[in-house]
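So this first bit is one chain, no partners, the form predicted on its own, shown in structure tokens.
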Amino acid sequence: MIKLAFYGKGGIGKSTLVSNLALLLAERGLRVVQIGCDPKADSTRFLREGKSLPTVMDKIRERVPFALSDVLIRGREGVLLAEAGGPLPGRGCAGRGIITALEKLEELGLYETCRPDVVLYDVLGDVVCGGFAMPMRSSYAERVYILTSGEAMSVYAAANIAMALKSFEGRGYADLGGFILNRRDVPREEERVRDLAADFGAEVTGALSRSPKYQEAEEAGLPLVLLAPESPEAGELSALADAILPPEERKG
């Protein structure tokens, strides 16, 4: 089982990226689980035709027993989807909600029951508090990929996430898999992200072009790789899907 977490500042495109990667990996014949770790609970919408999921935290608040099948739903291409959810607005700690939800999914037997080949965690990364760092633990994710543009605030958030991960060295947490550039076409963008990666002894694992096709896909309620599977943008996503897999799992 390959367990990967994707972090980055809000609005940088994590959910778009993770949903497209989930589809591409499923098309390669892998059993894929995608888990949204954001109180907005919108990570999986592209794989559910815009429909929302009952979140783990919603079910916990109902204070009645529930089963894994109540919060784990099959989406496009058979990808299994779950949303951690969060507290009611103005109440509670969103980070604590992530901890509670992931622990509950484990308690319900997610990994033993589904036996996934790949688990993808889509994690909010503006603030890396204890709860949002939960997927970094090796019992959940093995590697963390950080999505960033070359914009100052995006680079700042990405550096904070990488520093948090570095602070866990020696404690059995996930490794930094690399940085993913989601271009915004700002000056010196590639240089800034390469320098950021070098500061942490990492690589730029892949790069995505700024393209109106992503907006077209969002308006259509589809992942880009389904809307325009032969496009250059889909090719970039496919190359990234290959790059995050171990060599034995990649396409020949």
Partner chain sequence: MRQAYIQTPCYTGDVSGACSALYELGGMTVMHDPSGCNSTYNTHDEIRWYDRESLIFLSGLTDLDVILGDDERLIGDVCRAAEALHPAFIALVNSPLPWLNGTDFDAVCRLIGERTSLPAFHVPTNGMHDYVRGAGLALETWARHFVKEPRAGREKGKIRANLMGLTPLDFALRDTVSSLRSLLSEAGFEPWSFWAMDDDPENLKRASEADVSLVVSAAGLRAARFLERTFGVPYLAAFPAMGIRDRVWSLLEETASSGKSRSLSHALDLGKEEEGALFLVGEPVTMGSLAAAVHARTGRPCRVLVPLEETETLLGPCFTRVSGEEEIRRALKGAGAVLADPMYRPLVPEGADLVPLPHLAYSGRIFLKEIPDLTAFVPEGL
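Numbering follows the first chain given and starts at 1. Only a predicted model underlies this, so the values are computations on that prediction, with no experimental measurement involved.
Omitted from view is the form predicted in complex with its partner chain, to which the following refers.
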Which residue among Val155, Ala164, Ile99, Leu105 has a heavy atom within 4.5 angstroms of its partner chain in the predicted complex? Ile99
Only one of 167-175, 109-117, 68-76, 145-153 gets a heavy atom within 4.5 Å of its partner chain in the predicted complex; which is it? 167-175
Within 4-36, which residues come within 4.5 Å of its partner chain in the predicted complex, counting heavy atoms only? none
